[in-house]
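Below sits a lone chain in structure tokens, taken as the form predicted alone.
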Amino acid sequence: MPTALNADLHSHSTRSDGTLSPTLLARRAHANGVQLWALTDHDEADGLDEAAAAARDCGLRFVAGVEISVSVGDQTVHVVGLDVDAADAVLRDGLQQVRAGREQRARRIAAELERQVGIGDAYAGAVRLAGNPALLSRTHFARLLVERRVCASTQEVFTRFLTPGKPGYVAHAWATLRDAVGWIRGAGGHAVIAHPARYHFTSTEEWGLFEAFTELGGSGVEVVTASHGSGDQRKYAGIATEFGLRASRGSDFHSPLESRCDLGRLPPLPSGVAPVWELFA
């Protein structure tokens, strides 16, 4: 398939922290001209069967995916798994292990928001928005604070409260990089480092991340994504070439009202990179 294919290989549904069901996401992707679409919910694969059926009904090519939360040093890195076997028992067990820590972290976030900012009942409010304590994320707290008019947007909430050094941020130990890549590869998939420009590594630390990821059998890096400007795209296209990684493209779409970029509305991959979708069966 060509480099210019309208592939969107990073999106989220109501099964994690998106606001559209897998079915509605498939329909939106198709309406926006997406030719190859992946659902990649956070640490969750339960929406993939619905997504596959909806994509089939639309005549849209679908790739089963997942986004795994990984601890690297004192930072959280996201690794997207693409073209995975969603029924793989080891992958399922691994995702369950990662999800098990979400409720505990959410309670600590709520406690910090009350202690430092005076925002009460944040845990109950976030659960109401998420629908399931096991799927709670910072995004659900952000939506709650917008609902309560503490902030005007979810991006403002993250900036003021939910990033490292802010009053509602709680560090957490997620999966290891070795585990995440191993689960994805064991399920027949391809591991991709998501939105690398969002992390706060030094150049040496970032190089070490890509070196370890490649040695573990990682396949690709998101070169084009909503949070990457043109300079980021050039940088990570170069890193992909340097490490022999494939280039991926995904909007990281969560919501029509919140996301920086709609499904399928990204620029094409830069010339000279090898698209990750060439690896798919």
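Quick caveat: nothing in here was measured; it's all calculated off a predicted structure. Heads up: residue numbers just count along the shown sequence, starting at 1.
The form predicted together with a small molecule is left out here; the points below concern that form.
Although the partner is absent here, residue 99 lies well away from the small molecule in the predicted bound form, with no heavy atom inside 4.5 Å.
Taking the partner from the other structure, the small molecule in the predicted bound form has no heavy atom within 4.5 Å of any heavy atom of residue 123. The small molecule is not drawn, but in the predicted bound form it has no heavy atom within 4.5 Å of residue 161.
Taking the partner from elsewhere, residue 107 is found to have every heavy atom lying beyond 4.5 Å of the small molecule in the predicted bound form.
Proximity to the small molecule in the predicted bound form, taken as a non-hydrogen atom within 4.5 angstroms, holds for one residue of 254, 228, 28, 246, which is 254. Residue 198 is the only one of 178, 185, 198, 166 with a heavy atom lying within 4.5 Å of the small molecule in the predicted bound form. None of 207-215, 130-138, 115-123, 186-194 except one has non-hydrogen atoms within 4.5 angstroms of the small molecule in the predicted bound form; the exception is 130-138. Every member of the trio 17, 42 and 155 reaches the small molecule in the predicted bound form with some non-hydrogen atom inside 4.5 Å.
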